[in-house]
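A single chain comes next, written as structure tokens; it is the form predicted on its own.
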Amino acid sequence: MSNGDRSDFIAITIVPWRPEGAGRLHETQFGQLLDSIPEGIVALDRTGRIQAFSKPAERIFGCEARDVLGRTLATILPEFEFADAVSSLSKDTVGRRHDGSTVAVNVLMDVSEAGGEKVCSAIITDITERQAVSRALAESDTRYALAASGANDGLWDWNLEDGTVHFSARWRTLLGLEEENIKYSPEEWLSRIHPEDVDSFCNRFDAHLEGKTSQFEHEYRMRHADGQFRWVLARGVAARRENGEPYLLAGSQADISDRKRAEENLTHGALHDALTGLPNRGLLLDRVGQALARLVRNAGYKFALAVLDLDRFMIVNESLGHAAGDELLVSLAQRLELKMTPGNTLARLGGDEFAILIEEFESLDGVRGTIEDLQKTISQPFDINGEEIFVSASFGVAIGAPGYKRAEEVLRDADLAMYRAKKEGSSGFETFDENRHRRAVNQLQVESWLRRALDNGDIILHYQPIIDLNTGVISGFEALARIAHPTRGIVPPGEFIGIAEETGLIIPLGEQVLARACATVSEWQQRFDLQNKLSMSVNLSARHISEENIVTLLDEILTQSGLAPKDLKIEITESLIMTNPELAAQTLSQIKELGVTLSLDDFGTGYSSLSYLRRFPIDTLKMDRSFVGRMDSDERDMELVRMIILLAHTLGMEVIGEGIESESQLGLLRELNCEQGQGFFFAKPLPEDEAAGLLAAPPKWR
């Protein structure tokens, strides 16, 4: 098709049409092609009467061509003024279907000259669904613009036999081109495609011509008349002969620059922090993941991830307001960006927390130097609304290692190191320690075990006998908590008591131990006829002593168990009572008023003075096992034990020697008039039934 011979086309030159062939559109090969396009094609004479009507047009208006041929355009488009169609235009209007119903359509008019006369063709598109989509997307300007632009496609047809391409007026308008300034040739099209997109365009085009795809569809960039590149979407379908050989390709092209910009903005927004413009957590993790992949390929490659958190940033928000806090974060981001070397990534994780991916460093000293330089940069004053603000930051660093499988693991470890640095003090710097992390994980695991054990009744007690050294018989037991774990078995107190203290779980744990121990010893007293002859020792922590209801709790437990108060011995440590001597003295006096016996555990390892010791209503001193264990081999420890026993007796207290492991230690304690003893020489802590067995057949230790 040449540019000079255009008297035989309609529908923007997609289909050739001659007036003498009016109404026989479906009988031509071009008509078959147009019938495959979903838009309806209507050819009009200069008076606006319908001369040709395609199959899709019949479907849109619910009629056959013979129903409308020769009639005016108003028959199907009552609100469309044909007189307005003096030039090409696109307009949304209402169409009248054959049954009287209406349908929303878009009319794209193309006006050209044929034999000296005006020839019009209309592309009719059913936009009912598009309008519904537009209403649903009314709150999204970008998507609404994309939906609206869908009705403004430019049309083209490519004659594969003579190598000519015709572009509709709308196609040219989309690129800012005038008809007299373009050539109707493939070169005109291809020469305007961005060099980076030419190969992919040709590959898609050829794939469709070869029958590998059902239609040609491709997004690419084209040069506008103003020199800028616009994103466009081209769609087309080939007309083929019976042997499958294509001879014509026709379709549309739409400007999708707005959509592409929206997608780019969405992508940028999804990967960048809205406040600072820095990469966000998602983009940082992606780059850390890439660093891990490089580490797998190259064992000599090194990278580190540093996480920083501002110290006392909340003070800025509380004193100057959140707007000032945001301004400080933006200023900090800009200052840190200036310190970044090529290849490194600065990201904002959220709040006042930032991260830096450091790549290709020589040694850990180099990383440390980088962090110290950043700390100096951060320490310089910021001018925020005329106020001079000083801040500092704590850093945590994780070094990339083959053991890492996911980027999140590296960030987790850098975070852990940062929180430890912050705990140690402002402007700290910590490198992640795997052993320390294992301990932290283990603590978390044990805390979980303890919580489940408390909820499920899996706390069990073991009992270690306390022996009257004068008679060699059992005078009492110490109750010691254990966790009965379903897979680990019995978990000893050394693994969870410290965690119970830190988390506050020591309170419910202590309550369970007290209640069970008192009930058990009360039952043993009755079973073995040991009323007033058998006591139970239970350890209390500083948290218990500070509890307001501890005295009430003890009273309730004693009442419920039926145990005489004097047969309950509460053990406390020196460090406990010295933490708050006044509160301890007050609480212990109230407990003493209940008639409960008080014992000072691990005596000799603390730092209490004699004046403080006299203030507390202590009944028994329990010597620490470290003295007892060496008294038969170290003369100095022997003298310390002698002095402790003498001191206790002077203050009217009894003494329990803890940690007895040999007969010689037992003999020495007896010589020094120590009243009671406890240790593996007699028995280790025993389950309840085994402890009761000692009472059923009591051994005597002479």
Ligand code: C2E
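Everything quoted here is computed from the prediction, not taken from an experiment. Residue numbers run from 1 along the displayed sequence.
There is another form of the same protein, the form predicted in complex with this ligand; it is not shown, and what comes next is about it.
For residue 687, no non-hydrogen atom is located within 4.5 Å of this ligand in the predicted complex, even though that partner is not displayed. The closest heavy atom approach of residue 540 to this ligand in the predicted complex falls within 4.5 Å. Although the partner is absent here, residue 506 lies within 4.5 Å of this ligand in the predicted complex, judged by heavy atoms. Proximity of residue 176 to this ligand in the predicted complex: non-hydrogen atoms within 4.5 Å are absent; the residue sits far from the partner. Only one listed stretch (596-604, 160-168, 284-292, 355-363) carries heavy atoms within 4.5 Å of this ligand in the predicted complex, and that stretch is 596-604.
With the partner omitted here, the residue from 661, 45, 67, 637 that has a non-hydrogen atom within 4.5 angstroms of this ligand in the predicted complex is 661.
Proximity to this ligand in the predicted complex, defined as a heavy atom within 4.5 Å, singles out one entry of 110, 126, 309, 571, which is 571. Shown here without this ligand, the chain has 679, 680, 685 in 677-693 lying with a heavy atom within 4.5 Å of that partner in the predicted complex.
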